[in-house]
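For reference, the chain that follows is the form predicted alone, supplied as structure tokens.
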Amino acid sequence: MQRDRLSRTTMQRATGCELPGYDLAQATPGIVHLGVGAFHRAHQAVYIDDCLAAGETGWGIVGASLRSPDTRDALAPQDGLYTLAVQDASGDRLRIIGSLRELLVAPEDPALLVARMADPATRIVTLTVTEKAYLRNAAGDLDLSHPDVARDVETLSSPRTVHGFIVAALAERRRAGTPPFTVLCCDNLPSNGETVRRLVLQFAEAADRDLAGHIEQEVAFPSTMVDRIVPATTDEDRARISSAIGFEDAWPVKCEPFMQWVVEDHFTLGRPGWERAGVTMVSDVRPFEEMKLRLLNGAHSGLSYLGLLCGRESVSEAFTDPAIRGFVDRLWAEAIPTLPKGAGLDPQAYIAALSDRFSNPALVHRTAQIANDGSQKLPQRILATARARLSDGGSADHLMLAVAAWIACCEARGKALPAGHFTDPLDKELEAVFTGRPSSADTVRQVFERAGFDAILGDARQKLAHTAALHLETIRRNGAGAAIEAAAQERASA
């Protein structure tokens, strides 16, 4: 059945859903968001929607895609509106989100995006562009040799990179006498505000040293910690949600009930009253960030790779497998002692909540989705924890099993796993390693070198690489289940 499209004119006739609690015509942009994907639409855009409903109408969002026009093409005919489906065992709780007031595609008109960022009404620029879009080298610095970075450094007239857009807009604001916006990273990077600040300054130093000094002195880069599980939307989701509201929604998003945002309270041109919407405003995000990276993200990566190797397609399916659940519990036991002390954290309560979240059968969060970009994610999710664990005199067997499972999954694509089942920025280099059919020890050595893991592990690299190689050999010979059992037995005998 052909339905009318969700839009400002049809929205009031939607059924079974909560509507925006404000007049869309009164909501004006105050934020430009780079990377307007599903996570942003199920997280930051929801908090902003709450602020708009509370009367803070100057904080609407201009969302910009840095690559694909897909989000714009889906949502522009809907006036930026989309359905949020909060899922648990009882079903879907539906809500129309209206905080996206304009949608841009950066490659189509880079100057327009720079103009929106340079507009005095824009007070905050937020980012969810994923780890790989920051274009870092193995040492974690900006890869100035990357063709897009080199091009943007040469000329800021038509940027391609996130660094280029930020610096070009800040340069334009400086020329116009407009105070700089705050740059608010919402990606899963360690100390993400500090990290993005360093990368932007490295870019600016290469492009315009005088401008770099201005940015260093005047621009705020608060750190944040974000948390909500947002699986990819399927055609079945679109059909089900469109049927429920009575209108066609080309791109709804689905998520779990849990939502968390911890933000360092340092803004130069003001901010929404996020605390009234449930955001935790703090002076130091790092303890919260480390707990999330090491307990949630680390477990997610480990269970996704082992889940793929064991034929488990979703997080809930993997987590309710007794062997994988035992692995996750033991990984948490290794990670918890590495968390900051005296920071007010409650890791036991946190993993209890994680257990409920991972078990949610309504949320089909695919293990293949989580498996993407492992070479970029594992350093902060797993390797930093393993190094800290070893320096404290503990073992990191289960942490390094997660790393071995990643390598085994990459190697299995096109064989036990479908080709292209997930992707990684190092796919070409990894393929070159696997083509040579090296031993497990040599495979780990080459992968660690190419991924820059040795620099992260430091003096612990030999011992941790040896542990990963033993796990990889067990997976290759006897399968992932045997590797999980062997790690458990090693833990029991320790």
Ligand code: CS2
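Model, not experiment: these values are computed from the prediction. One rule holds for the numbers: they count along the sequence shown, beginning at 1.
Separately, the form predicted in complex with the named molecule exists; it is not shown, and the next lines address it.
Looking at residue 385, you'd find every heavy atom of it more than 4.5 angstroms from the named molecule in the model of the complex. Although the partner is absent here, residue 395 sits far enough away that none of its heavy atoms falls within 4.5 Å of the named molecule in the model of the complex. The named molecule is not shown here, but in the model of the complex it comes within 4.5 Å of a heavy atom of residue 226. The closest heavy atom approach of residue 296 to the named molecule in the model of the complex falls within 4.5 Å.
Each of 370, 377 and 381 places at least one heavy atom within 4.5 Å of the named molecule in the model of the complex. Listed residues 78, 188, 314, 71 were compared with the named molecule in the model of the complex; 188 is the one with a heavy atom within 4.5 Å.
Of the residues given (365, 101, 123, 389), 365 alone sits with a heavy atom within 4.5 Å of the named molecule in the model of the complex. With the named molecule left out of view, the stretch that reaches within 4.5 Å of it through heavy atoms in the model of the complex is, among 152-160, 407-415, 320-328, 297-305, 297-305.
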